[in-house]
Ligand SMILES: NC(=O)c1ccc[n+]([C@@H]2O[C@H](COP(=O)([O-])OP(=O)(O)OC[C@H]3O[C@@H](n4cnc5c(N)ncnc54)[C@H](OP(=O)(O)O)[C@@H]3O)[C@@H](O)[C@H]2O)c1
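In the form predicted on its own, a lone chain appears below as structure tokens.
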């Protein structure tokens, strides 16, 4: 079994590759340079892990093109990297993933969908934490190491076709994580996080921060624990 990781050169793809390497499963990481020749690059691959670029302007079109390439290349199974709470109308990029999920489910391929929470590694806990949303809102945070291991489980082991798993390592607020690390946490305006982004990306991120400010993004823990065969948390 040869596994292709589409979008494999970013931090998500690297985590998946590392998780597969732990199991001794070979993988091929494909990036933007491979996209024009994706069918050729997928030759002899039987499974693909599909990651769209962050804040892609048209993720459904990206997913549709990838699925077409998978079918043409004879890839029989796809694992789609979605997001926790994909159908959240206030967050446009989440809605793109919701449509992507629908395309995957109707692709005719054997499929599995992973819905990760916010990455723990997105927070630098070595210094005071400043985020553009309330620090007391609760999230389901996902460790990238756990993501890689969970992805490897569904890619390598049988029995995951037709399954959708939300993934979180722990539930906490930013304030909780900062206190554990011995640093402070505060809410700041979102302008400083937008450097180098275009207007669409700024609008989408502002919408996401506003959603976080109101609701956080809570994600269940048991699917990940089940995939990693960990015991359930203490009550």
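Positions refer to the first chain, counted from 1. Quick caveat, the model's predicted, so the values are computed rather than measured.
Omitted from view is the form predicted together with this ligand, to which the following refers.
Heavy atoms within 4.5 Å of this ligand in the predicted bound form belong, among the stretches 66-74, 194-202, 29-37, 178-186, to residues of 29-37. Contact with this ligand in the predicted bound form, judged by any heavy atom within 4.5 Å, is made by just one of 104, 83, 150, 91: 83. Using a 4.5 angstroms limit between non-hydrogen atoms, residue 52 touches this ligand in the predicted bound form. Remark: residue 119 counts among the residues lining this ligand in the predicted bound form, judged by a heavy atom distance of 4.5 Å or less. This ligand in the predicted bound form comes within 4.5 Å of no heavy atom belonging to residue 17. In the predicted bound form, none of the heavy atoms of residue 222 sits within 4.5 Å of a heavy atom of this ligand.
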